[in-house]
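The form predicted on its own is given below as one chain in C-alpha cells.
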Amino acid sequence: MNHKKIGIYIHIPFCVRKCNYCDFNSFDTDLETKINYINALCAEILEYAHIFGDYSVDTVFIGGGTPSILPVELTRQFMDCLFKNFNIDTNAEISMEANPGTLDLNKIKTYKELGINRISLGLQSTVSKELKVLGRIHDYETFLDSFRMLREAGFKNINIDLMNGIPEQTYDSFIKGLKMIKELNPEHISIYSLIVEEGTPFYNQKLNLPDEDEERKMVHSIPLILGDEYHQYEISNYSKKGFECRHNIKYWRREEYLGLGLSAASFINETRFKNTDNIRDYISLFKKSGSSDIIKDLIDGKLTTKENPKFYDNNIRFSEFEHLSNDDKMSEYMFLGLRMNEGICISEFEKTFGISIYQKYGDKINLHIGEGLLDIYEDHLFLTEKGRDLANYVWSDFVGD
C-alpha cells in the first residue's frame, strides 16, 4: 500500500457574473453545461483513481469561479465520486470557496454532510460602494447571513477573504471593515492587495485607487488590529493557532498536489502541468479515453520532456507541461518559501539540493540583507517587514536563476 501524501484541487469555473478584477478562468453558463462539466470531472476523477487511489489525500480544495453556485445535487455527485475513488484521510482538510448570495441553509448543511469542513467566504469588503465597484453580487448584510448560517450548521473553520488597495477604498474604511470582521471571530482571514490584471474590465478604466503610501499603511496596520489572536503565517494570510490553510501550505512548501477540472494545475514528481483552458475540449476529452498514461509515465519517472510523443498525441489535455530542472527547483524553493513568515530552512536547502544556499544565492542574499529586506534567525532566512513591502522585488531576484 502506498501511503504517500497528496493534495487535490478541484476547479469549478462557474459564477453568477465575472467580477471586474477577476482574471481566473470563470464564467456564467447554462445548467446543461454545468451537468456535462461535472460528468467530465467525475470521469477525470475515475481516470486518476487507479494511479493515485491508494495515496493518502490529506487536503482537498474546491475553488473557482464560485463552487457554491452549483445545484447541490451536482456538488454531491463529484464529492461522492471523489470519496469513493480516493483514500481521503479521516482528518483531511476539505475546503470550499463560497460567495455570499449563493448560499442557503440546505446547501450549507449538505456541504457538511459531504465532508466539507472548511469554507472560504469571499467578502472582499464590508462597504457597499466598494463591493459595487468590484462587481460583487452581495452586500455586507448578505455576507452576514451567510456567515451566520455557516455557524448554525456547525462549521468551525471559516476563512474570510478581504482586499486592500481597491477603488474608492480609504484607510479608514479598510480599518473599520477589518475590525468588523475580527469581531465575527473567524478562524482565518486572507487579505490580498488588488492587482489590476490585463484583460480584466478594470484594466482599461480610470480607477480611484488608494495611493501607495495609504495602501502600505493599510497593510502595516493589519497585525496591529488583529493582535495576538491571529498570527501572520504567510504574506497574505492570518489565522488562529492550528487553523492555517494546510492545502495552501502545500503549494508554498512544494508538496505534491493533483489538479482536477478546467485549468487545474498539478505538481507531481517535480513536474508542473495544467489542464486545458477550453471547456468544450475538457468536456469532449472525457467522453472518450483520456491520457492518464502520460501521468503514469510521469509518476514512474519515464516522462521528462515535452519531446515525448505521448505529450503531443494528447496535447488537448494540457495547456502547460514542464519538467523542472534542478535550477528551477531551487528557484521555486526560494520564492515560494519566502512567502511564509517562517521563511526558508537554510540547512534543509543543502540537504535537499546538495549545495549550500550561500554557494547558490550568497550574493543575492547578502544584497537583500544589506537592504534590510531579508534577515536570518538561527537556521531560517525570511523577509523582514520592509521585505514584505517589496516582496515582488525580492522574489524576482530568485526567479529563473
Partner chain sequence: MTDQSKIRNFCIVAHIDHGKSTLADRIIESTGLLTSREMQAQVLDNMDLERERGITIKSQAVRTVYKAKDGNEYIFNLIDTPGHVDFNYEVSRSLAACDGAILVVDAAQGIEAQTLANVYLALDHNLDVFPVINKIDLPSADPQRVIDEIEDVIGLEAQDAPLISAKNGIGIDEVLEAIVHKIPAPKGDPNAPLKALIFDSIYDSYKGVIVFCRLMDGKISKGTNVLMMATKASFEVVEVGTFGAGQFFPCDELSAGMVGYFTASIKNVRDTAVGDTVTEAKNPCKEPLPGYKKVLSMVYCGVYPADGAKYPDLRDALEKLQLNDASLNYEPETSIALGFGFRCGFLGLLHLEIVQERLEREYNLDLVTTAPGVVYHVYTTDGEMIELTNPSNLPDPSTIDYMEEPIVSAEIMVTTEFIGSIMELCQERRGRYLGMEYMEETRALLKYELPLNEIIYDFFDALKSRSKGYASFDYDLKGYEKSELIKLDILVNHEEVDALSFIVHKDTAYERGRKMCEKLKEEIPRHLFEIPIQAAVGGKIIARETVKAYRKDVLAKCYGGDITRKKKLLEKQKEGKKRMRQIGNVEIPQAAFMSVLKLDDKK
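Numbering follows the first chain given and starts at 1. Here the structure is a predicted model, which is why all the values come from computation and not from measurement.
The discussion below concerns the form predicted together with the partner chain, not included here.
Asks: Pick the stretch from 71 to 79, 137 to 145, 104 to 112, 185 to 193 whose residues have a heavy atom within 4.5 Å of the partner chain in the predicted bound form.
Replies: The contacting stretch is 185 to 193.
Asks: Answer with one of Glu342, Glu348, Asp363, Glu371: the residue that has a non-hydrogen atom within 4.5 Å of the partner chain in the predicted bound form.
Replies: Only one listed residue qualifies here, and that residue is Glu371.
Asks: Taking 4.5 Å between heavy atoms as the contact cutoff, choose which of Arg246, His231, Lys274, Arg151 touches the partner chain in the predicted bound form.
Replies: In short, Lys274.
Asks: Just checking whether His380 would be counted as a contact of the partner chain in the predicted bound form - the rule being heavy atoms within 4.5 angstroms.
Replies: No, His380 stays farther than 4.5 Å from the partner chain in the predicted bound form.
Asks: Give a yes or no for Asp89: in the predicted bound form, does one of its heavy atoms lie within 4.5 Å of a heavy atom belonging to the partner chain?
Replies: Outside the cut-off, so no.
Asks: Within a 4.5 Å heavy atom cut-off, is Tyr251 in contact with the partner chain in the predicted bound form?
Replies: So Tyr251 counts as contacting the partner chain.
Asks: If you check in the predicted bound form, is Glu215 within 4.5 Å of the partner chain, heavy atoms only?
Replies: Yes, Glu215 sits close enough to the partner chain in the predicted bound form that at least one of its heavy atoms falls within 4.5 Å.
Asks: Within 324 to 342, which residues come within 4.5 Å of the partner chain in the predicted bound form, counting heavy atoms only?
Replies: Those in contact are Leu324, Asp328, Glu332, Phe335, Leu336, Arg339.
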